[in-house]
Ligand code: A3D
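A single chain comes next, written as structure tokens; it is the form predicted alone.
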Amino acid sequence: MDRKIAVIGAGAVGATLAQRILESGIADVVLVDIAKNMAIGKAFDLLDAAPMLGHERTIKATDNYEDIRSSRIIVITAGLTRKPGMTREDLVAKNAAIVREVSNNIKEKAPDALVIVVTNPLDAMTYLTYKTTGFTKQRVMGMAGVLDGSRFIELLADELKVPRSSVKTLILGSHGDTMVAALSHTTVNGKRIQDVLAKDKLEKIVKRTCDRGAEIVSLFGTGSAYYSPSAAVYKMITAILDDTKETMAVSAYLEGEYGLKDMYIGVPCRIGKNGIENVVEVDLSTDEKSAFLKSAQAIKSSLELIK
């Protein structure tokens, strides 16, 4: 079956995601950006690699939203990236205008698509996309805990000198400074993380996970992470296309789950061909519940700026 995925925004995340999609052979790509020539140049570069890598997929770069018609999935990466010292919340007003325009075009040109939002501040921008498109809550989700969980796993595995595959975890809440590492759902080779790592070291790793995005921004000097965010979106896309029903943490719209309503926040969800098949409610410790509600409050503060 012919598949087409539209990526809105040809910056580092969007272009790297386009590369992952093309070179895996899972779909053709439409790369949309107001900087049309830059997008075309990246598309040509990716196409020139195709004969060497042995795939027959195509990519079209454009500034015309007509080209997103019939896309199975649309990924929104368009927007400003954080600069050193800038919080995700600083981006709300500027990126809201961009996301609102993109969402209106998706609503008009690709009314049957599923949408994955990457633009920061993630949870607020996903909510804005949901409200602007008018799509069902199942078809609009944000890339959140998949990336944050991967960062936590990497840091834990490095500290403990164990295979990354031996670490299982769950990151909830905002895709930002108030994210919640669910230690009650974190294990190493089946053992509770608290039983294999000292409390002070664990706290430092949790803190570094929360700050990892900002750490990368400060090292780059300009721009933000793109290899890992694009990998997170790719994982979500394959779960949809292959209808895996895999449970992963994404920013989802809640209607009473976890005691929250009318907002997007990172929670475990079962992902399949219809998008978010259902929200999975897990038991949290008292401290985790408190931190989760604090994280929700931070998102609500962002939402007040765009409502």
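Numbers for residues come from their place in the sequence shown, where the first is 1. The shown structure was predicted, so the numbers you read here are calculated from the model rather than taken from an experiment.
What follows is about the form predicted together with the ligand, which we do not show.
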{"property": "Segment that reaches the ligand in the predicted complex - one of 186-194, 202-210, 113-121, 154-162, heavy atoms within 4.5 Å", "result": "113-121"}
{"property": "All of Met38, Asn95 and Leu147 within 4.5 Å of the ligand in the predicted complex, heavy atom check", "result": "yes"}
{"property": "Contact assignment for the ligand in the predicted complex, among Leu128, Val75, Leu170, Met143, heavy atom within 4.5 Å", "result": "Met143"}
{"property": "Interface membership of Leu80, the ligand in the predicted complex, 4.5 Å heavy atom rule", "result": "yes"}
{"property": "Glu101: touches the ligand in the predicted complex, heavy atom cutoff 4.5 angstroms", "result": "yes"}
{"property": "Contact flag, Ala6 vs the ligand in the predicted complex, heavy atom cut 4.5 Å", "result": "no"}
{"property": "Any non-hydrogen atom of Tyr253 within 4.5 angstroms of the ligand in the predicted complex", "result": "no"}
{"property": "In the predicted complex, residues of 3-38 near the ligand [heavy atom within 4.5 Å]", "result": "Ile8, Gly9, Ala10, Gly11, Ala12, Val13, Gly14, Val32, Asp33, Ile34, Ala35, Met38"}
